[in-house]
Each structure stands twice: as structure tokens, then as C-alpha cells.
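Only one chain is shown below, in C-alpha cells, and it's the form predicted alone.
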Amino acid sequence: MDDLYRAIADPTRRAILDELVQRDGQSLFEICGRLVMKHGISSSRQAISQHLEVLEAAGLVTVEREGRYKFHWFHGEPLEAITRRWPAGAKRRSDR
């Protein structure tokens, strides 16, 4: 669970996840282009690749290799664990 929180704590990684939710199965080149155009994030491909590795380690991104290219897919199941841990409908102390 710590890997998950660390992964989503970074704004660049959240932007990467947003892009994969909007258009799944992107290459590193595509992700970098969308980050620049839509978010103004102009990190190097190496830096974005490192962010993707963190997201993959947290289980939020899966990777499929096709020839020379790697395609990245959003995997939201780990985020569902957060909502199971702290349900939105839980009563607050002040509500009791």
C-alpha cells in the first residue's frame, strides 16, 4: 500500500494516469507528447519512464511489449483498495 500512496503523491504521475485513463495503451513517446501538450510537463523521456516504473511497481500501470515498443495500460484496481479502506459514506465523529 505504501507504493501506491507514493505513486499517486506525485503530480506528474497523476497526470500520466489521467492520460492513460483517457487513452489507454500508449507508448512512452505518446505519453510524453500528451503531457507536454495538455499539462505543460516537459520532462525528459527518461524521467517519464522512471515515473512509469513507479506506477508499474504500485500496480497502477501494466506494460505490454510489441517489438521495440512498450505500451502502457491503466490498472485501477489498486485504487479501489483505498475506497474499501476508507468508504466515502463512513460517518464522521461530528456526525454521531
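So that there is no doubt, residue numbering starts at 1 and follows the sequence shown. Here the structure is a predicted model, which is why all the values come from computation and not from measurement.
The discussion below concerns the form predicted together with the DNA, not included here.
Novice: Do heavy atoms from each of R6, S49 and K70 fall within 4.5 Å of the DNA in the model of the complex?
Specialist: Each of the three qualifies.
Novice: At the 4.5 Å heavy atom threshold, is V36 in contact with the DNA in the model of the complex?
Specialist: No, V36 stays farther than 4.5 Å from the DNA in the model of the complex.
Novice: Taking 4.5 angstroms as the cut-off for heavy atoms, does A57 touch the DNA in the model of the complex?
Specialist: Because no heavy atom of A57 falls inside 4.5 Å of the DNA in the model of the complex, the answer is no.
Novice: Is D18 close to the DNA in the model of the complex, meaning a heavy atom pair under 4.5 Å apart or at it?
Specialist: No, D18 stays farther than 4.5 Å from the DNA in the model of the complex.
Novice: If you check in the model of the complex, is T62 within 4.5 Å of the DNA, heavy atoms only?
Specialist: Flag for T62 set to no.
Novice: Which residues, if any, of 16-54 lie within 4.5 Å of the DNA in the model of the complex when only heavy atoms count?
Specialist: Residues within 4.5 Å: S27, L28, F29, S42, S43, S44, R45, Q46, A47, S49, Q50, H51, E53.
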